[in-house]
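Given as structure tokens, the chain that follows is alone and in the form predicted on its own.
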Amino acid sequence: MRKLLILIVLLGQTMIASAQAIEVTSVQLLKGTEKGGFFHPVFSPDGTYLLTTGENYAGLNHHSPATGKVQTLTTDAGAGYDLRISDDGNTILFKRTELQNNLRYTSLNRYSLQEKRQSQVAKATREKITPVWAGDQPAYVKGSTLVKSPLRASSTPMAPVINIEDQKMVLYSGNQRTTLTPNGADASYFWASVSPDRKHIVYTIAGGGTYVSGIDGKNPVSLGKLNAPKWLDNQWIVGMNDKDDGDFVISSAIVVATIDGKVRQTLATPQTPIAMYPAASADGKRIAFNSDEGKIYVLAIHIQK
């Protein structure tokens, strides 16, 4: 009788995992990336275009899946690292890195797809700059201060933002600034972001894997190794399980996991054995990633309810 009960429990758990499984319905090479050289894809909010950059985050490229057209927006160093796209998809905030007297300086620029030009938001500085959107207005975190646009107040409230400062997570919400260290003050935090429903945070700690906590930093749940994590929706995280030999990545797979850590699944990517840096569309129906050669692939997925 006891064995029967254990079997029923195990079958129930299997059914729960199966009911939440993600099905890959297609894998397609993004037109225009056949020769490689494109990395770190990002979907626009409405999913009509993707942005890519160089392997070292130099430059920004605009990809239209519908036409296969690829347009270079800028060749600035650092432009592809930690960029932000406005909710309407028209404006891209990005950083520009340059050397002055052998010292590294970073400025913040914006590119308007409608006007087809870029302009400066913040002058070059030695301090760290992180671009954010304060509603529909450009903003940024400089040092430990949130700087909003002096031009006009936003018509929409600012969503909570997580920034990494001194290897710790800092939550900016309203007029509050809160340092979060759910795994201890001695841990080094990175790859942090807030869920679409603003209830949770996903983050990675050096040498300790990836976690999901409440937006207050409480009740962290381990997801194991899941590098470069991104929100697929409010219940699923997508990331990569990569391995290297000390110099080069020798394997990498796209992995999804539920925020409670109970379900983990490797997604099939037969076209390339090394799949890295996934990004999810806002509707949770597509995942883009780059190969080690810099070809961009797009998975069409279905989350089984």
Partner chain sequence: MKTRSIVLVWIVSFLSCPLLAQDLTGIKIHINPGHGGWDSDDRGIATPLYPSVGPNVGFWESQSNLDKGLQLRELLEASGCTVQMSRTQNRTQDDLPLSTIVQMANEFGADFMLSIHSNAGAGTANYVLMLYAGKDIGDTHNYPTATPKSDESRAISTEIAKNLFGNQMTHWTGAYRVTGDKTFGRTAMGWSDGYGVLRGLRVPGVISEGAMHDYTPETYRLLNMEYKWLEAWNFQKAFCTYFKGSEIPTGNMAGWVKDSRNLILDGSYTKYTKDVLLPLDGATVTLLETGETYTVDNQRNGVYVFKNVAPGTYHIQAEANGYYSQTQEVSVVKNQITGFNFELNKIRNTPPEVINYSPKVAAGELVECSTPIVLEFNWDMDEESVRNAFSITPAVEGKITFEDSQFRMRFTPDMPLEASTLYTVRLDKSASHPDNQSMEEDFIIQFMTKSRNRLVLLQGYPYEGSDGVYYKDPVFWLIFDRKLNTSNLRDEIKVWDEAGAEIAKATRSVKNNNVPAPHGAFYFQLSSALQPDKLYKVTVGAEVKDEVGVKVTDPIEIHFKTSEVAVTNKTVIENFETAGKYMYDADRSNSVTDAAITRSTATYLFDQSSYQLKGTFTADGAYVTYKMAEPETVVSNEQTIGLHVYGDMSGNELQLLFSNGTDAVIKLCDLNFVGWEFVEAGLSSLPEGEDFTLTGIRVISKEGILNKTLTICIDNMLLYNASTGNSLPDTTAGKMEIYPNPASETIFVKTDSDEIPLLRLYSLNGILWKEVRANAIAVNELSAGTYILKVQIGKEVFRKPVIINK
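Positions refer to the first chain, counted from 1. Everything numeric in this text was worked out from a predicted model, so none of it was measured.
The same protein also has a form predicted together with the partner chain, omitted here; what follows describes it.
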Original post:
Which of these stretches, 172-180, 73-81, 86-94, 116-124, has heavy atoms within 4.5 Å of the partner chain in the model of the complex?
Top reply: 73-81
**OP:** Just give me the single entry in N109, Q235, S149, N227 that has a non-hydrogen atom within 4.5 angstroms of the partner chain in the model of the complex.
**Re:** N227
Original post:
Considering G37, G32, P45, P65, which brings a non-hydrogen atom within 4.5 Å of the partner chain in the model of the complex?
Top reply: G37
Subject >> Three-residue site Q167, V249 and D292 fully in contact with the partner chain in the model of the complex at 4.5 Å by heavy atom >> reply: yes
Original post:
Can any non-hydrogen atom of G207 be found within 4.5 angstroms of the partner chain in the model of the complex?
Top reply: yes
Subject >> Close approach of A185 to the partner chain in the model of the complex, 4.5 Å, heavy atom >> reply: no
Original post:
Looking at the partner-bound form in the model of the complex, is D260 within 4.5 Å of the partner chain by any heavy atom?
Top reply: no
Original post:
Is R104 close enough to touch the partner chain in the model of the complex, meaning at least one heavy atom pair within 4.5 Å?
Top reply: yes
Original post:
Who in 55-76 is close to the partner chain in the model of the complex, meaning a heavy atom within 4.5 Å?
Top reply: E55, N56, Y57, A58
